[in-house]
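Shown next as C-alpha cells: one chain only, the form predicted alone.
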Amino acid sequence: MTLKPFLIRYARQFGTLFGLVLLCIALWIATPYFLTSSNLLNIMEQSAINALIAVGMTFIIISGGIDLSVGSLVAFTGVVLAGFLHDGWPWPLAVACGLVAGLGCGIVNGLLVTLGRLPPFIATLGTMSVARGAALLYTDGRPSSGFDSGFRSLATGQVLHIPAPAVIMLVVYVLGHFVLTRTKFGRYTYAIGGNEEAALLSGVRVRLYKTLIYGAGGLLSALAAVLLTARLNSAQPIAGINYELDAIAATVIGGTSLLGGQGTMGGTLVGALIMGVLRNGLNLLGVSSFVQQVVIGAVIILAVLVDVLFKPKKK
C-alpha cells in the first residue's frame, strides 16, 4: 500500500473521532461545566434517541437508500405504545407491540421501494406524512401521559451509575456492528449499496434484504420511541419532528457515504455524539437555538465535503 491511499484510508476512519476529541477540548476550554461527569452522562443520555435511529439509518444508507419517515414513525409507534399501556397491558408486552408496529411500518417502506419500485426518497416522504397523520388521528391530536414507574425506569433507571438509555444505546451499537461486519445480512447490505445489479447477479435476494433493512430501520425508530415516551412520561403525536434529519446528519458525519456501500457503526456513534456534544456545548455557552441550527447545518455540509474529498476516485 502506497503512502497516499494509506493516509486517505485512515483519515476517513479516524478523522471523525479526532474531530470529536477536538470539539470536546474546545468546549472544555470555553466552559468549565462541560467536562464534568454529570454533564458527560447527560450528553450520552440525550444522544441516545438520535443515536438509535441512526443505527437503522446507517443500514439503509449503506444499502443505497434513505428513510425520511423515521421521525414520524417515532411519533406513531409512541402513541401506539401509549395506547396499549393505558389499556392495562403489562409494559413489556406493550413495548413489544410498539416494536412490532415499528417493524411493520419499516417493512411497508421496504415493500414500496422493492415491489413498488418507488425511489426511496419519494416512498418514505409519503409514509412520513401517512405515519404523522395516523398518529394525530389515533390521539385526536392530544398527547397521552401518565405511565407506571416500571415502564419509565427504561429511561430514568441506571446501570452501574450510567443512564439506562446510554446502556441500551451502547448494546444496540455493539449488536449493530456485529450484524454489519460478521453476518450475511451485513455483507449483503454493503453489496447492495456498492452495486445492486452485481449483487443481484451474484444470487443475492435483493428485494428481500432491502425490505428487511427498512424493517430494521422502523424497528429501531420504535425503540427510540419507547425511550422517548418513557423519558418524557408522555407520547406526543407531534414528537420526532426533524429526527430524520438528525439521524441522517449523524450517519453522514460518521463517514457513511450517501452513495451507498460505505459506512461503519463506530463512525455513526461518533457522529451522533458529535451532534450531542455540539448541542450541549452551545447550550452551555448560551448560544441561541437559531444560531445552533446554522452551526449544525454548517457541520453537516463540512462532513459531506470531507467525504467527497477523501472518497477515492473511480478509475
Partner chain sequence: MPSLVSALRLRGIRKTFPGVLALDGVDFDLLSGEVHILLGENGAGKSTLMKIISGASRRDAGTMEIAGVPVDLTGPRHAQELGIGIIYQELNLVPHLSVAENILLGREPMLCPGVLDRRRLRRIAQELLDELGLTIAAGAVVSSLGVAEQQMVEVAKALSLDARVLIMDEPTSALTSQEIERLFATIRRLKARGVGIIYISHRMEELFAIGDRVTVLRDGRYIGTKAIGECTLDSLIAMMTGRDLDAQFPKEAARPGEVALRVEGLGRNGVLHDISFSVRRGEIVGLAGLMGSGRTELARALFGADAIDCGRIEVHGRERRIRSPREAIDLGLGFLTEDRKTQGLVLALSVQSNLCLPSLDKYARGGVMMETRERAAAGRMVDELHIKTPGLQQRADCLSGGNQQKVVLGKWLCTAADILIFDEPTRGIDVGAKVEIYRLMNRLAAQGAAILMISSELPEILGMSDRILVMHEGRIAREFSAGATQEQLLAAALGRSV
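None of these values were measured; they are calculated from a predicted model. Positions refer to the first chain, counted from 1.
Below: the form predicted in complex with the partner chain, not depicted.
Of the heavy atoms in residue 88, none are within 4.5 Å of the partner chain in the model of the complex. Of the heavy atoms in residue 121, none are within 4.5 Å of the partner chain in the model of the complex. Heavy atoms of residue 148 never reach within 4.5 Å of the partner chain in the model of the complex, leaving it off the interface.
Contact check for residue 242: no non-hydrogen atom falls within 4.5 Å of the partner chain in the model of the complex. Screening 108, 135, 101, 199 for any heavy atom within 4.5 Å of the partner chain in the model of the complex leaves a single hit, 199.
Among 83, 157, 194, 143, the residue placing a heavy atom within 4.5 Å of the partner chain in the model of the complex is 194. With the partner omitted here, the stretch from 169-177, 222-230, 185-193, 108-116 that lies within 4.5 Å of the partner chain by heavy atoms in the model of the complex is 185-193.
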